[in-house]
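Starting off, we have a lone chain in the form predicted alone, written out as structure tokens.
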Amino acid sequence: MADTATTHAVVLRDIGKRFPGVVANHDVDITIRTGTVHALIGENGAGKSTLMKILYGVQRPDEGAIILGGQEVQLHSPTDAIAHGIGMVFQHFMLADNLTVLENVVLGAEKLHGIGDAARKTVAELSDRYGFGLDPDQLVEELGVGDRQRIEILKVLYRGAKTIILDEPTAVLVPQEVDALFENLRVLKEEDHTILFISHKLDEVLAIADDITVMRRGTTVGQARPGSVTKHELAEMMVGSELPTPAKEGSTVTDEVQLELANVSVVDPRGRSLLTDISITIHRGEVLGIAGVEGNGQAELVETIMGIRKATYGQVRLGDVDITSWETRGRREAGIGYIPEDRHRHGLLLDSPLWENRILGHQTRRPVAKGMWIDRSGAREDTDRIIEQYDVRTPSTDTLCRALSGGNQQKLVVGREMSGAPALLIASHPTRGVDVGAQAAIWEHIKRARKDGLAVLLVSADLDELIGLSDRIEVLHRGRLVAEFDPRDVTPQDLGAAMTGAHEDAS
């Protein structure tokens, strides 16, 4: 029988973690084989994040054992985890744009190889060895999302990691970049590295994983090998129901234009062009999808429509009204709902109760306001409605928003922004980071409102979501609209080529 010290990189045995009023993990058992990609899947709130924080030393378990290479260890901090060969790449990259690749990799680890030639040589060798193709002297601000992710992986390799935790690593990648990442992971496996791959995308899990562990309600409920399980079976293990898809339905597009941007350009104070000559129309009952690699103008487009950022040139019309010069509050009161890209920074007050979060952005309108005063009872009552209608799983309206899982936070935001029959919904990554159950619920609410005449601008990095929900798809590349597709006959590969500019190179 093989020695578990050589065959098992990580063993988590009977892990438990409790917080006041919440059991985050209980009886968690996972065995991760050395030199494999081990996928960890589960709903939001299933306990994955807490478990990863325990493995990375951010939190300590209340019970259970962490066994690395056959030895039980105590991890008091990420420094301890790194010392034991564990590195973590978070979903949101932590890079300094004004520094080079080399400087980002070395930052905080100067004691290893200094900051001179030895460090440069090590970074270059690691990049070549694992097929990353990174130039140590290139500024990070000049690099795309795929290269930025490779820098994050290079950072943990530079610090000696043999086991790498990847948290939702494909969330912001186009299909071609996902393929490149998977090729990098296969090279890492060949070099005996172990990858713990956390994802909501079951197709990708089945494509890259050697082993799969499923979590539900804080514990492990199943294990599988990709060759012996389908994504439908995995979804059922995760949430107890079949995997949802944003399937196309009959067109509900009307002739009435709800939003029009005419030749809109945005130039920042330094004279940089952020958006150039953007012209779009969205009709009542229509979902217009916007595809693009992050950083190509999607955020600026949304902010311009919301009045957060002013158009330098061009015109923005809501229905028959020119709102180009309107402030954000006026646009909200005119019927624009807004699901922001980052719910924590722009959509919620995490340390406030749910009923106070119901008020945000709606504080001048019923049912949360009476004249110039906040109506607390009205806000509480309508929060109860959202909780029931949108299946927000929470003990009460007085629960702090921070205590909810990501998926339930997102359902609260969606419910709030769908309230009051908005004329237009700006939905920026509405299902990012939520599980398949919450994703299906959000899709259904958008489709139902579309049937009732809602106009929707949908920005998403999930190409299947864009194709399944949109009536038309426009592609943004470097602040310009470069292509338009009919979702009925476009593939993710077509969209990916347009998003990266490859279609221009081929033409």
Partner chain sequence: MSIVRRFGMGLLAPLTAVAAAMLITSIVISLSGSSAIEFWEIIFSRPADRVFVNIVNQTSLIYLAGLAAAIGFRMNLFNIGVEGQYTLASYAAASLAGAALFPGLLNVFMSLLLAVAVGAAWAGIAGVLKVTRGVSEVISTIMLNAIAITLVGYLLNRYGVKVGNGVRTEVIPDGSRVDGWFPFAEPDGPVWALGLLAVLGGIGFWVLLNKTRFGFDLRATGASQSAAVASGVNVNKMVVYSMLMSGGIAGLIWMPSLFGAAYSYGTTFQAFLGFTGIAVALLGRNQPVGILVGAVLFAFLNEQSNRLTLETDISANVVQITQGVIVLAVVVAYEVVRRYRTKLEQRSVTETLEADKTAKGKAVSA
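Quick caveat: nothing in here was measured; it's all calculated off a predicted structure. Whichever C-alpha set is largest while still superposing within 1.5 Å between the two forms counts as the rigid core. Numbering follows the first chain given and starts at 1.
From this point on, the text means the form predicted in complex with the partner chain, which you will not see here.
Of the candidate stretches 389 to 397, 81 to 89, 360 to 368, 286 to 294, only 360 to 368 has residues whose heavy atoms lie within 4.5 Å of the partner chain in the model of the complex. The contact with the partner chain in the model of the complex, taken as any heavy atom within 4.5 Å, belongs to 27 out of 444, 464, 27, 452. Put simply, of 384, 300, 168, 356 only one has a heavy atom within 4.5 Å of the partner chain in the model of the complex, and it is 356. With respect to the partner chain in the model of the complex, the three residues 18, 23 and 329 uniformly fall within 4.5 angstroms at the level of their nearest heavy atom. Of the heavy atoms in residue 348, some are within 4.5 Å of the partner chain in the model of the complex. Within 4.5 Å of some heavy atom of the partner chain in the model of the complex lies at least one heavy atom of residue 376.
Under a 4.5 angstroms non-hydrogen atom cutoff, the partner chain in the model of the complex lacks residue 235 among its neighbouring residues. In the model of the complex, the partner chain sits within 4.5 Å of a heavy atom belonging to residue 338. Superposition of the core reveals a Cα shift of less than 2 Å for residue 314 between the shown form and the other one. In this overlay on the rigid core, residue 402 has a C-alpha that sits 2 Å or more away from its partner position between the shown form and the other one. Residue 104: CA moves less than 2 Å between the shown form and the other one after rigid-core fitting.
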